[in-house]
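In the form predicted alone, a lone chain appears below as structure tokens.
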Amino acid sequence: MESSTLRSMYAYCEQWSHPESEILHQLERDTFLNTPTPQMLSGKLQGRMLSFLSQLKRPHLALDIGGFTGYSARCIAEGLSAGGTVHSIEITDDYEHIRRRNLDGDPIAENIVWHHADAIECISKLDHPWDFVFVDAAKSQYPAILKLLEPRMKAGALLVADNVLWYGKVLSEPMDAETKAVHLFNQQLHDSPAWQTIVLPVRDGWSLSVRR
């Protein structure tokens, strides 16, 4: 499919999907204007999918790995059950000022706990029974993150992973180190009896996995 047709299809999907909130719209705009890598932010369709899945799941304890400017965590927080919490991990504090000026004072964002830490170290310390997890961290860490998450997720918990097609590089050899890590992550989910997984060609590839 030609890229122009694909862009038109995505635009059509955005047009006929219910929009994000004004807070998220402004956060997205601020991110694109004031960060060197705005493509790291979950787009409108991906954000609406996160919110939709969270509203279906109604998690009590959710985990957002690779928080960037806070967009994905805010989307997940829209579906929390009463008293629920999202823990969002971002290794750098370079984007904290963008998150704060857009989300400080937002009642939904008050249910988010922000962590500036390495994902592996932080997950090891946060020994919670997660029932919703979104993974969008450094791709080299994906296999290790999965190993940590598996015993920490309850039966029926939902694991959503971004970039599992990694710009299509998982389809060709030789693979660089990051691509190998993403491919291994996909293999682990597929081969483990602990998970039921579907991989979708959404943006740069999503996988949805339910903990058995």
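Heads up: residue numbers just count along the shown sequence, starting at 1. On a predicted model such as this, the values are computed, not experimentally measured, just so you know.
The discussion below concerns the form predicted together with a small molecule, not included here.
Chemist: State yes or no: in the model of the complex, is some non-hydrogen atom of N111 no more than 4.5 angstroms from a non-hydrogen atom of the small molecule?
Modeler: No, N111 sits far enough from the small molecule in the model of the complex that none of its heavy atoms falls within 4.5 Å.
Chemist: Just to confirm, S42 within 4.5 Å of the small molecule in the model of the complex by heavy atoms?
Modeler: S42: yes, in contact with the small molecule in the model of the complex.
Chemist: Spell out, yes or no, whether the shortest heavy atom distance between N102 and the small molecule in the model of the complex is within 4.5 Å.
Modeler: Output for N102 is no: heavy atoms all beyond 4.5 Å of the small molecule.
Chemist: Should Y95 be classed as touching the small molecule in the model of the complex when contacts are defined as heavy atoms within 4.5 Å?
Modeler: Yes, Y95 lies within 4.5 Å of the small molecule in the model of the complex.
Chemist: Within 4.5 Å of the small molecule in the model of the complex, heavy atoms considered, which of D131, E78, D136, D106?
Modeler: Result of the distance check: D136.
Chemist: Picking from 55-63, 183-191, 147-155, 33-41, which part of the chain touches the small molecule in the model of the complex when contact means heavy atoms within 4.5 Å?
Modeler: Contact-bearing stretch, as computed: 33-41.
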